[in-house]
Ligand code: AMP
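Consider the single chain below, provided in structure tokens and representing the form predicted on its own.
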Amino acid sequence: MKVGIIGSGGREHAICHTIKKSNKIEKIFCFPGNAGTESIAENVKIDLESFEKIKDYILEKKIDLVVIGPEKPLVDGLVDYLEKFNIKVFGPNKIASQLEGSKIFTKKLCQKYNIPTAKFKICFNEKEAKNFLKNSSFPIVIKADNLASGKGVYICSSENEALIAVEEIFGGKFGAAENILIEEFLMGEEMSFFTIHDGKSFKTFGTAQDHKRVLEGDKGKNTGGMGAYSPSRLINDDLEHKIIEKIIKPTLRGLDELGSEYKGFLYTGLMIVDNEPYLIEYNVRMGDPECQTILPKLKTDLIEILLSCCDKKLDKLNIEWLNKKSLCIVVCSKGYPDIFQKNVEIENINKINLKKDEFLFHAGTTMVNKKIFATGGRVLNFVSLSEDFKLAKNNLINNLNKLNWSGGFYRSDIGYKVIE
């Protein structure tokens, strides 16, 4: 069969790599892909805003299944559009994608269905938000309502920091802002919990811990993610039961009452406080870099899983995993998440010889005349599976030393909470 993958990041390269192992695969197309996908698939340069061009290409090439990686096409309704032409698509529809598309939509759902989450206030203009902050206690969390590539969240330790956040969001840093979300700051530890859904049933799909801040020790600005490890050190049977019963099932009930089902990956971002889960956010796709961390542990054929979701037969399938620890370190362009230079050659990438259970997933890269150049903020994802996190980390550092890329940087403390 032929499969099309929408997206150009490390997540999409990891999906492409995992799907390629299936004996069902004849060819993979990546829209638009990167230098990593180019060696295992056909990259298709196409405008992701042009649904009609995507649809025409899928029909022309007789692509059997489309997998949508990033959030924006999902929130914009690409699934609904393609399904009108009887194209098989893995991903949630436009209504369900509001779980990520609007943080306020999700907060109202939490309120209605008693889903545990931080106390919050919705403000509809800059003046209202600033007045509310005058009587608030700090630290406090301020969020842009709309999509912000994982960067629209501010943890503010003072009123002055909070005022700057409000001004930046209403000033259009993440696109036009009609409202803003102000939340209490929960003291706990974060965890990413993944499930996969077919619209009728769902199964768990691993846990991970992302490292969002750009600097070591979880300091500095928020990023799309500097690295991750899986499984989370927090997960246990009791906590998993609480997450499913108190958070995921009520959310699905809420969508059902809106006349929508959920099909696709669901990323539940949680704050764990004394073994109690609180919903921080939903993402309507696999996380990035959590996807790169989780998929290498998958034993079951990913294509079988995705097809069973499209055919509403997920409950008939048993998903099996390797019993290993996984660690991912992201290499970024110098200057990220602020201004960085583009089209910088990654000179030593051919010196990396991956051993068994070692992976290299590309993100912001392109290939020109067989040379690889960095074009994005997050550039490469080094992943290692091992019996323990420390060994995995040592393997990664070994490969990063071989890379020795002068144009980039990485956090060398990824996984510090699980490594002695």
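Being a predicted model, the structure only gives us computed values, none of them experimental. So that there is no doubt, residue numbering starts at 1 and follows the sequence shown.
FYI, the form predicted together with the ligand isn't displayed, but the following is about it.
Although the partner is absent here, E183 is a contact residue: one of its heavy atoms lies within 4.5 angstroms of the ligand in the model of the complex. At the 4.5 Å threshold, heavy atoms of E281 reach the ligand in the model of the complex. Proximity of V141 to the ligand in the model of the complex: non-hydrogen atoms within 4.5 Å are present. Heavy atoms of L163 never reach within 4.5 Å of the ligand in the model of the complex, leaving it off the interface. This chain is drawn without the ligand; in the model of the complex, the residue among I155, L317, L234, L215 with a heavy atom within 4.5 Å of it is I155. Of the residues given (E304, E167, E190, E276), E190 alone sits with a heavy atom within 4.5 Å of the ligand in the model of the complex. Contact check for K103, A118 and M271: all three have a heavy atom within 4.5 Å of the ligand in the model of the complex.
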